[in-house]
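A single chain, nothing else alongside it, follows as structure tokens in the form predicted on its own.
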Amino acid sequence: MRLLSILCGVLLLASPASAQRSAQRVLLIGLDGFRADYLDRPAAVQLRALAARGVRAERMIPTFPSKTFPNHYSIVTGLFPEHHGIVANAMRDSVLGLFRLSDRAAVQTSAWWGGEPIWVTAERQGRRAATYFWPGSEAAIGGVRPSWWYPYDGDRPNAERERQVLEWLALPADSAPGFIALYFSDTDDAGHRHGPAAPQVDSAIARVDSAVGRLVAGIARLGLSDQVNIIIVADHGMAAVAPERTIVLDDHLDPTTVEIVDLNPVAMITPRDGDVSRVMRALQGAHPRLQVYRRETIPARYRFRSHPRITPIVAIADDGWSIVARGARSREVAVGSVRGGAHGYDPQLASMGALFIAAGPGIAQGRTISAFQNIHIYPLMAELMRLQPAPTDGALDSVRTILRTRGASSP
């Protein structure tokens, strides 16, 4: 009988339910446009406190282009845009047509979204997931949606988002989500309108900083500090732009002869007559602050060649420069309208560096790490939740230093 009891105990410890209880949870918070060096500005009080008891990176390196949808989706899939297919905020597919952020039908169409986001990985392996506005979470990817999700509504108050996250965390252990994603746009909105150095950005930092502080306090009140790992990321940084730093595309090219799927600061161009050489002759060397490539010659470090949604010609403005058009149409930037800030540039630029902070029971303490690429976040989250990761471009070994050493005490 004693031997039987021991065997039953071993089986119980090895059961899936037991494994789920021992696996930690992850709260992923996305602060859109929160440049890495914003963390050192006075308003980021709660964020610095969280970093002090966890890990911060000198900066996190976005994927190219350093824009919102490609990078939020790279963070949760561990894939470069050329592999997951979200190659820009606006793009064209030969079958699906045009994708734009404002097109709810496109955003909710699963065929746009490749790869396997972490919430799908979690749901497929028995961990429930919840998302509050994360790009990609409105579509049934691989036939799977998070157990809880919301269609995007930029007017939804931050306090309401915080309340919902804490309600999810407070659910009984057998039904609470093991993964939660939460999105705030304050710093991106302020950076675009006023530029990264503006006092309005300090106000936006203060708002999201307070939101993070309330979430940390709420997790403590729920008695979950030893279960929930908080990972705070940004999708990209922000560069100051100005009217005198503009490249007028139609000074060099007849815009009626091409389709410009996206313009600034990365122009995605398809010749209407298919004559790529004609357009390359018109644009190469046209402006010293504009780099122009055929798709197959885009620098290899951008990892931006292999997906068919990448246009035959890609033109990239230098840091802080804008590509504009006379008589601008829907996705174009009009001459004279440039102000504030922009992103989308070379991901290695300091101005594009994104925030990374992590703290919790599975995270090392008091550590600052070197810059790393955001594709490594997916395997990190999978490890914390004891999930078998899907194939990715990222690698846990690239960020293993973020993890707490086995046997180390909890905060």
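The structure presented is a predicted model; accordingly, all values stated were derived computationally and were not measured. One rule holds for the numbers: they count along the sequence shown, beginning at 1.
A second form of this protein, the form predicted in complex with adenosine monophosphate (AMP), is not displayed here; the remarks below concern that form.
K.L.:
Of the listed stretches (293 to 301, 130 to 138, 79 to 87, 307 to 315), which one has a non-hydrogen atom within 4.5 Å of adenosine monophosphate (AMP) in the predicted complex?
P.N.:
This holds for exactly one stretch, 130 to 138.
K.L.:
Contact between W149 and adenosine monophosphate (AMP) in the predicted complex at 4.5 Å, heavy atoms?
P.N.:
No - in the predicted complex, heavy atoms of W149 and adenosine monophosphate (AMP) never come within 4.5 Å of each other.
K.L.:
Does adenosine monophosphate (AMP) come within 4.5 Å of any heavy atom of K67 in the predicted complex?
P.N.:
Yes - in the predicted complex, heavy atoms of K67 and adenosine monophosphate (AMP) come within 4.5 Å of each other.
K.L.:
Is R104 close to adenosine monophosphate (AMP) in the predicted complex, meaning a heavy atom pair under 4.5 Å apart or at it?
P.N.:
R104: contacts adenosine monophosphate (AMP) in the predicted complex.
K.L.:
Please run the contact check for D189 against adenosine monophosphate (AMP) in the predicted complex: heavy atoms, 4.5 angstroms, yes or no?
P.N.:
Within the cut-off, so yes.
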